[in-house]
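Starting off, we have a lone chain in the form predicted on its own, written out as structure tokens.
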């Protein structure tokens, strides 16, 4: 599979004294849903900013779509990606939802006659079509993030980065954004890279990259990562609810099958209860 992001031996420091990233290397496959997981201070958000070209590496290299990131091509690389940040209030620059989605299209010099159709298409994709003429200040946090996603999708990026995009939302807002992420993953022309500490979100990824204290701790599938419950807990992370249930049953001698959905686990437990 083609690699859309290649990070090799990256070292980065905010103060030129202490390294926030200490030789980080990983790849992101095109069309994949990849999660970078880690506790606060692990370096995961720093990685997002480096890939977006918002910070400069101390050493190592970052390539996006085969292009080695440099001052000469950073503008070209940025055109193929979009990033959704933590605070939805910091992502609005217009007085209505419609105008905010239109902002990026105007910068891309999209034909004004085609713009309304594009805006309505992507507003509809994130269930915000009925709010197009509303003021952003009247929206919930989850709705604001949905508008931010619509604005980015309208510019047809090949790489979409979520940098802790649910961390400042209430439970309803978190679920709204996670559902959109899962739905977007059905589009194999779009690569999703999500930086998060949300264990349940990571459970549905194709690949998880775990960071700890500025280094790669482990890379693997959700099954491979969450099977290392002790290791994750040792570095300050938890495991998903379904894995906790499996652990509890294993402690009393009952072995359950592998599950990614709570619903499947409940069905199996119900079957066991009737035996």
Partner chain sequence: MNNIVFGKYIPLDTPIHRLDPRAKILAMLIALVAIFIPAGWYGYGIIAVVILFVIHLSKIKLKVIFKAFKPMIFMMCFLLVINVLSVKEGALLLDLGFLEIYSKAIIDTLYIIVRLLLMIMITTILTMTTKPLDLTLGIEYLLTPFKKIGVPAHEIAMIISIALRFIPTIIEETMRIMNSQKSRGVDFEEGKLKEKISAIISLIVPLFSVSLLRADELANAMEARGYVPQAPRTRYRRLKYERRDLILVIGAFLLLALMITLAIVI
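Numbering follows the first chain given and starts at 1. Given the structure is predicted, the values throughout are model-derived calculations rather than measurements.
Not pictured, yet referred to below: the form predicted together with its partner chain.
Heavy atoms within 4.5 Å of its partner chain in the predicted bound form are found in exactly one of 88 to 96, 201 to 209, 188 to 196, 170 to 178, that being 88 to 96. Here is the short version: of 183, 130, 106, 76, the single residue with a heavy atom within 4.5 Å of its partner chain in the predicted bound form is 106.
In the predicted bound form, residue 142 stays away from its partner chain, with no heavy atom inside 4.5 Å. When contacts are judged by a 4.5 Å heavy atom cut-off, residue 54 counts as touching its partner chain in the predicted bound form. For residue 125, no non-hydrogen atom is located within 4.5 Å of its partner chain in the predicted bound form, even though that partner is not displayed. Although the partner is absent here, residue 39 lies well away from its partner chain in the predicted bound form, with no heavy atom inside 4.5 Å. Annotated contacts: 119, 152 and 155 all touch its partner chain in the predicted bound form [non-hydrogen atom within 4.5 angstroms].
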